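Read the single chain below, which is given as structure tokens and is the form predicted alone.
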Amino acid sequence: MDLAQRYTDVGVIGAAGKMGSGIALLLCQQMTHRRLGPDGKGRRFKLTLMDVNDAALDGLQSYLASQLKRMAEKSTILLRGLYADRKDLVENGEIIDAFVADALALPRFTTDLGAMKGAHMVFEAIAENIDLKKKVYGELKNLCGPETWFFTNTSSIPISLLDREVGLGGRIVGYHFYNPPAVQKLLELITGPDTQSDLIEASKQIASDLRKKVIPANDIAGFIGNGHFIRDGLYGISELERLTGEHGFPEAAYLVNHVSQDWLIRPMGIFQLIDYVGVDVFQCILGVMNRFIDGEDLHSTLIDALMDKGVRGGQNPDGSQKDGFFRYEKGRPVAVYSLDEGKYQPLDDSWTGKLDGLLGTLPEGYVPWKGLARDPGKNEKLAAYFANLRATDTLGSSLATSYLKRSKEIGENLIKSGVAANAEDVNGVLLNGFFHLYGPINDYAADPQTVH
């Protein structure tokens, strides 16, 4: 079966979730393009979108309709070519409406996993739970044909484990989209030792079809993205715990988050990032990595304590940020959690200003992440800034330099342990998946004149 034929019958499991909805959108767009193209003439296309939450499927339909229209509005030249034989479509608005209608005719919404029967490709985006995934793939193995390919959006679970224990015969790959899938360009492609070679090659082509940048990762729990993020988060947590004795928990959380965002020029601080991903998801990934990686203590009693108090983070259905380490209003932190008191302490200049003074003035040449993100001269400016940071004798500079060194060490260990092939791949994941301005494997902490 060639790839063109596989595209005619595709399924998404967990389609109404945060990741699944984005994957469903990308596939719906691509399959509609193919159906309207010359190779799609006479072919029947079906996109089966399955989720256990029936109400969420209603929201998925609205999401697809609105997002498909936005996509169409940005690609009218392409659509004019696809609808060249439709002389009744003259105005851009008519072509856009026609595309949205054609695209929305593809999906079939269901809560029945049995609807995946006959699918040529199945994309799975369910919870990061090993037993649940094994159960679902066990059912899919019996439902689907022997040629069906499976793409799991797991961000930490070894692919070879699912392949071996379910008996999929190398028909599964790790297809780790980054959140949100419709926007993020990065896709981590994880293969096991038994993954079918034609599936690997097709996976690269599908990623290209969906306009994703592929970075390969070896099949070691956590892969590259979470392999770095989880350890980076654990380092931030260790610094929080170290500083708590002297300053208090809310104050220490503020200090570490401030340094990891502003002093390191990242898009958000480490605890904001954990909140965004979800404290609960962070704990789950820790559990998976700790189970499969020997020689490291990948566990956090602090994360366990937050979970016990109901501090979970993540996003609401409308995309707004739930409370975690911080409480948020309109996406901005307005209070920080006090572990001892079990409530949030407002971020007030009366105490945050004192902590800012303790950290010291940001080094000369500082420009916030947003100001450098689109600056063509950012590499030179980053090198100058980090040179000044190393030459500055303040608490903030000391904490930032130590964080840089640990981040680099984590990245280098991903190569030594065989997770990543080279520094370019490690840096590429952090640059493209986490929107960092520089990769972790750099010389900013040691020799700021050299940049990788």
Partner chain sequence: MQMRRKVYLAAGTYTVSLGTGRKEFHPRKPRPGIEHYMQEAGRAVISKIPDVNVIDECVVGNFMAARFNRQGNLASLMPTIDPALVYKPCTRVEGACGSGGLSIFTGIKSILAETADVVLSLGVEVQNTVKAIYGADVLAGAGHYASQRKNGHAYFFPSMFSDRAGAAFEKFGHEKVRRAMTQWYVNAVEGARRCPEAQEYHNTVEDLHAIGNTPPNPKVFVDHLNFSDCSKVSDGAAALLVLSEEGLKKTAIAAKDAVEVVGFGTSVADLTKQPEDPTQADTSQSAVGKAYEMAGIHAKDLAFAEVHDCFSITGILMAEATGICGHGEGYDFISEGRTKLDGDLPMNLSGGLIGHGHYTGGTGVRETVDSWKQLTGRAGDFQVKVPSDRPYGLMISMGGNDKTVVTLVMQQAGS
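Just so we're clear, the structure is a prediction, and the values are computed from it rather than from any experiment. Residue numbers count along the first chain shown, from 1.
Only in words, not in the display: the form predicted in complex with its partner chain, which the text now covers.
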{"item": "The unique member of 238, 361, 92, 320 whose heavy atoms fall within 4.5 Å of its partner chain in the model of the complex", "value": "92"}
{"item": "Candidate from 375, 73, 198, 341 lying within 4.5 Å of its partner chain in the model of the complex - any heavy atom", "value": "73"}
{"item": "Its partner chain contact in the model of the complex: residue 96, any heavy atom under 4.5 Å", "value": "yes"}
{"item": "Its partner chain contact at residue 77 in the model of the complex, heavy atom, 4.5 Å", "value": "yes"}
{"item": "Its partner chain contact in the model of the complex: residue 83, any heavy atom under 4.5 Å", "value": "yes"}
{"item": "Distance check, residue 46 to its partner chain in the model of the complex, heavy atom within 4.5 Å", "value": "no"}
{"item": "Candidate stretches 292-300, 134-142, 230-238, 84-92, one within 4.5 Å of its partner chain in the model of the complex by heavy atom", "value": "84-92"}
{"item": "Stretch 151-176: residues contacting its partner chain in the model of the complex, 4.5 Å heavy atom cut-off", "value": "none"}
